[in-house]
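Given next, in structure tokens, is a single chain: the form predicted alone.
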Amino acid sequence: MTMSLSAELWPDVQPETARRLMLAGVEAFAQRGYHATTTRDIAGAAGMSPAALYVHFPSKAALLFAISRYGHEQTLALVENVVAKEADPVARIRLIVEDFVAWHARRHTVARVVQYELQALPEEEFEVVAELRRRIERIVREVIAAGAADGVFTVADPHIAARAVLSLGVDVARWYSERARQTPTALGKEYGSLVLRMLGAPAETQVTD
């Protein structure tokens, strides 16, 4: 990733130096892991002095929290947008999976930090992010439950099914890279079809555009 991506990743974060530090933090955490990364590593990658980081973030943990919170807010918005524009459970779950998977592929470096460094957050900050995760899971669970009630999904436990669906998308961040055979959009569509089969949707409902 380059610094030019910072405005695209976090358009509402100001000033630009804060975005640069977030991007440098993502790259450092992804390469070294949170605990092995120092504030000097982050500041150096951003082209700043270590003291400059504390102007925008009081600690390394605060920087990780900002990265993780924004990532979860963005994925929650993706899910909420689908629910707002689609009423049919089959269309909803397909589009949720397509968008969720595409985001984790397109932003795979950010997503790895967002999804796999959660345990490094202090308890209070962890709870903020955990609530965002619960909101995402609740929406997906309700969509699956609605489909099961309509007879278009065959699942014994919508709670477990929702976790399985989201886990498929999250795991994309672990293995996806620019060398992958499929684009993020194409991968999202394939996962959307896969999830419909996994949920037992009738074959005629699994056709995608």
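Keep in mind that what you see is a predicted model, and the values were worked out from it rather than measured. Note that residue numbering follows the sequence shown and begins at 1.
Beyond the structure shown, there is the form predicted together with a further copy of the same chain, which is absent from this document and is the topic of what follows.
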>> Whether I160 contacts a further copy of the same chain in the predicted bound form should be assessed with a 4.5 Å heavy atom distance threshold; does it?
In response: yes
>> I'd like to know whether Q31 contacts a further copy of the same chain in the predicted bound form, with contact meaning heavy atoms within 4.5 angstroms.
In response: yes
>> Please tell me whether any heavy atom belonging to L9 falls inside 4.5 Å of a heavy atom of a further copy of the same chain, as the geometry stands in the predicted bound form.
In response: no
> Taking heavy atoms only, is V55 within 4.5 angstroms of a further copy of the same chain in the predicted bound form?
Replying inline: no
> With a further copy of the same chain left out of view, which of A61, M48, L168, A146 would have a heavy atom within 4.5 Å of it in the predicted bound form?
Replying inline: L168
> For the stretch 98-120, which residues lie within 4.5 Å of a further copy of the same chain in the predicted bound form by non-hydrogen atom distance?
Replying inline: Q115, Y116, Q119
